[in-house]
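To begin, one chain is listed below as structure tokens, in the form predicted on its own.
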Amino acid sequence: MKIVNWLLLIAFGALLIYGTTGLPNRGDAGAGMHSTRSLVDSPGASSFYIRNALRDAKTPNMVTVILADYRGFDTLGEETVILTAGLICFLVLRRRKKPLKNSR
């Protein structure tokens, strides 16, 4: 069983390395997300997000599109915290009161 775990770990690592080969280098000014210019003529991804959020995700909530679609990997930790908080709220509010021993 240990050999299967190691093979899965190696396959997952290889998949991660393969997935990162298509990414632009860190700080690359020529990357596609930096090709868009803002209103004040500064490069940045934010103006790209603002202009294309509705077209790409067909959702009027731009914040959701940026957090979940464009920056999904960056915000995965925050989304996990929000999901956990939501689940905890649900479980706390769903809790039923225990009947008292003296009540009839």
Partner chain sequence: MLAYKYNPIVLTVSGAVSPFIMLFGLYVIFHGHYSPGGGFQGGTMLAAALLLIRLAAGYDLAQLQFRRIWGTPLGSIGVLIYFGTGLTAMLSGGEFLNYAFLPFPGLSAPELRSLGILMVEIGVGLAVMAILVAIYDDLLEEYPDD
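This is a predicted model, so every value here is computed, not measured. Numbering follows the first chain given and starts at 1.
One more form of this protein exists, namely the form predicted together with the partner chain; it is left out here, but the text below deals with it.
Engineer: Classify Gly86 as contacting or not contacting the partner chain in the model of the complex by the rule of any non-hydrogen atom within 4.5 angstroms, answering yes or no.
Structural biologist: Gly86: yes, in contact with the partner chain in the model of the complex.
Engineer: I'd like to check something about Asp28: if you look in the model of the complex, is any of its heavy atoms closer than or equal to 4.5 Å to a heavy atom of the partner chain?
Structural biologist: Contact check for Asp28: no, nothing within 4.5 Å of the partner chain in the model of the complex.
Engineer: Hey, in the model of the complex, is Ser42 touching the partner chain, heavy atoms inside 4.5 Å?
Structural biologist: Ser42 lies outside the contact set for the partner chain.
Engineer: Since only the chain is shown here, I'm wondering whether Tyr18 would be in contact with the partner chain in the model of the complex (any heavy atom pair within 4.5 Å).
Structural biologist: Taking the distances in the model of the complex, the answer for Tyr18 is no, it never comes within 4.5 Å of the partner chain.
Engineer: Where, within 57-83, is there a heavy atom within 4.5 Å of the partner chain in the model of the complex? Residue list please.
Structural biologist: Ala57, Lys58, Thr59, Pro60, Asn61, Thr64, Val65, Leu67, Ala68, Asp69, Gly72, Phe73, Thr75, Leu76, Glu78, Glu79, Thr80, Ile82, Leu83 sit within 4.5 Å of the partner.
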